[in-house]
Every structure is written in structure tokens, then in C-alpha cells.
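Next up: just one chain, as C-alpha cells, the form predicted on its own.
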């Protein structure tokens, strides 16, 4: 997530009421979580387990809850609640804005695009040419939709990330400052939800098609020309490469990669990264030939047990 303009560490410390440990004049361009952090970004860490990883990341500014030696080229900001401070920055620059119209005046709608009655188009949304947005679709603020996109009734683009931190027996919301980006020639069925990124973007690649009732979690990247079957549930921070086919009721875990051209058969569950160009089945998934071979062995198991008992 980029700031509207670069900020000095001094300006950031004033917003979050922190204490700079280093150069107050150092500049920051935006903020991001660790897995997408860039040089020039602000990030945070609030647990000693992750200090080393965060302090050696690409981040230029780190909000931290303990005074530690600062690596070369980094500026630290001391704050007793870094998670809260990071949320303060998101809310400062990407705060929720209420709407009083179905289509915001700040939305940019392309040529020949049809917005059906009852659809909601939020603030600063961009929609390209030749799209059809059906009734009762909700496109949340800052979402980006390309050309020739069809979104069917009941679907939501850009809902908040399902992301919470548990401390002292309570769940605190990680506020979402990212976007949902839908590229050209995508079709989204009814009652789907594409969550926005927490600080970066959730991206749907050109030509990908969704059936009804699909869920895509925050910061997930889906490649081009994929097919996503009904009731598929794709967790956050997952990468699905081009030409992947995911059939109905497939569940995919977070932080994994589905290789190019993989096919996952219905009702399967994917718990770790899998290679492309292979057909998978099962829970957890395995190559389909291995799955059916195992099923044959399982069917033979009762007879094997009976024969052993007779001996």
C-alpha cells in the first residue's frame, strides 16, 4: 500500500505516537506486511520470534516494541503496540468512507459498461469497458476491474481480509488497506467473494472464470485462464499459476503455490504446494493415479484381514 506522498519517519512517529530510533528524516513510500514488503516500506514486528526476519527484510522502517540494534539502512520506531500502530497508519490513509449512492461519484466507469439496478460501486473504484455488473453485486472501495468482465448477482469484490491477531484472549482485526484487482475477460459467478489484500492486492488474472459460491482470500494471486468450480475455498496469500483447473468444493490452504496447468478434482483438499501439469485428488491431495491405487488397496483390506484371521 503506497502513501499518497512520501512521509518522513518524524511524520510517521507523530501519527502513531511512537519514538524514532534513528534518522527522523528518513523517508517511507508506503507500508506492507512482511511477505510483500519492499524497500521504502514501513512494516512492523511485535514478537521476538520474528525480530531477525523482519529486521533483515527489505523494509526501510520497522515499528517494533523493543529497542534493539538497528541494521544498516533501516530506521526503527519504538511503540508498545506495533500491531495497533500499523492499523493506525492503514486507517489514516485508507480509512473506510461511507457512501450515500449506489454508484460513487468518484468511481470511473468505462465505455459500454452496464451497471444493473441495485449494484453497489464504491469510492475510487475503476471499471473498464464492455463490462456487465449484475444486480446486487457489491464492489468495495478502491477495487480495480478490467475490460470485458462479467460479475453475476450477489458477488462481492474487495471485502475485508479475514485476518485477526489473538492477544490476551481477544481477536483484534487487521484492517485492510489493499485492493482487489480483476483483470480483463474474467467472469465471476453468483455469490462469490474476492477479498482485498491486507496491504497489497488480491489479483485475478486475465481470462479466469469462476462458478458460483467461490471464496478467494486476501493477497491471493490467481493466474490467467484458470477455471474455478463452485464452492471452491481458496485461503489467503496463495499463488495459483496459469491454466489451473479447480473443480467443485476444493479447499486450498494458505501460503502455498499451485503449479501451472495443475488440475484438482472435486472435493479435494490441498494442504501444501503442488507441481503443475498433474491431476490431483483426495484430502490431502495426491496424484490421481496414486489416489485410485490406494482406494483399490483399501477395498481389498477387509478381505486381507479376514484371510489373516483364518490363519
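Residue numbers count along the first chain shown, from 1. Computed from a prediction, not measured in an experiment: that's the story for all the values here.
Just so it is clear, the following notes concern the form predicted in complex with a further copy of the same chain, a form of the same protein that is not shown.
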Next item on the list: Would you mind picking out the stretch of 158-166, 81-89, 197-205, 68-76 that comes within 4.5 angstroms of a further copy of the same chain in the model of the complex, counting non-hydrogen atoms?
Entry: 158-166
Notebook entry, point to check: Has each of 152, 192 and 251 got a heavy atom lying within 4.5 angstroms of a further copy of the same chain in the model of the complex?
Noted result: yes
Notebook entry, point to check: At the 4.5 Å heavy atom threshold, is residue 239 in contact with a further copy of the same chain in the model of the complex?
Noted result: no
Check: Closest heavy atom of residue 170 to a further copy of the same chain in the model of the complex, within 4.5 Å or not?
Finding: yes
Next item on the list: Verify the contact flag for residue 209: yes if a non-hydrogen atom of it lies within 4.5 Å of a non-hydrogen atom of a further copy of the same chain in the model of the complex, no if not.
Entry: yes
Note to self: With the partner left out here, check for me: in the model of the complex, does some heavy atom of residue 243 sit within 4.5 Å of a further copy of the same chain?
What the structure shows: yes
Margin query: Using a 4.5 Å cut-off on any heavy atom, which residues of 251-287 would contact a further copy of the same chain in the model of the complex?
Written below: 251, 254, 267, 269, 283, 284
